[in-house]
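Quick setup: one chain, the form predicted on its own, written in structure tokens, and binding and motion questions come after.
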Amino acid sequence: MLTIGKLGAQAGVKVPTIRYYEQIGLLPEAGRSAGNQRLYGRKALERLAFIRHARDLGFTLEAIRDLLSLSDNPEQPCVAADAIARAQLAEVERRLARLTALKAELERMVVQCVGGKIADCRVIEVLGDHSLCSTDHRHPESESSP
């Protein structure tokens, strides 16, 4: 049995995060010692490692919840898990495309800067007027904002 601190150290997850995962139901509530310390077994460590790895790959907590539910029923087909992974891959590809556009725009701004005074600075000018950008690299959530 592992205390919450040892569990966190082995899985690479901070203690408050473990408590949060318990609170939202991703991890089952831990048993308690006579001194009321949380105690975790091997299954909790494996589940926490699964969650950590999924978070490292960028899966949302809701997707992780679904994947955990699927993993709790190993005899079913994996079509749902594949769909969740494909959706995450598509999201990563969208982010990469956006980051590529951001990189290109930043490189263009820096190249156009002549190193003079702020009054003539191309970086400041482009940041002040989005229409001077060569690509639309706005974050999707900011498009609906004024």
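Just count from 1 along the sequence shown to find any residue number. Keep in mind that what you see is a predicted model, and the values were worked out from it rather than measured.
Keep in mind that the form predicted together with the DNA is missing from the display, and what follows is about it.
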Q.
Using a 4.5 Å heavy atom cut-off, which residue among Arg32, Lys117, Lys103, Arg42 comes into contact with the DNA in the predicted bound form?
A. Arg32
Q.
Please tell me whether any heavy atom belonging to Pro16 falls inside 4.5 Å of a heavy atom of the DNA, as the geometry stands in the predicted bound form.
A. yes
Q) So, in the predicted bound form, is Arg47 in contact with the DNA at a 4.5 angstroms heavy atom limit? A) no
Q.
Please determine whether Gln88 contacts the DNA in the predicted bound form, using a 4.5 Å cut-off between heavy atoms.
A. no
Q. Taking 4.5 angstroms as the cut-off for heavy atoms, does Arg108 touch the DNA in the predicted bound form?
A. no
Q.
Within 4.5 Å of the DNA in the predicted bound form, counting any non-hydrogen atom, which residues from 1-15 show up?
A. Thr3, Ile4, Gly5, Lys6, Lys14, Val15
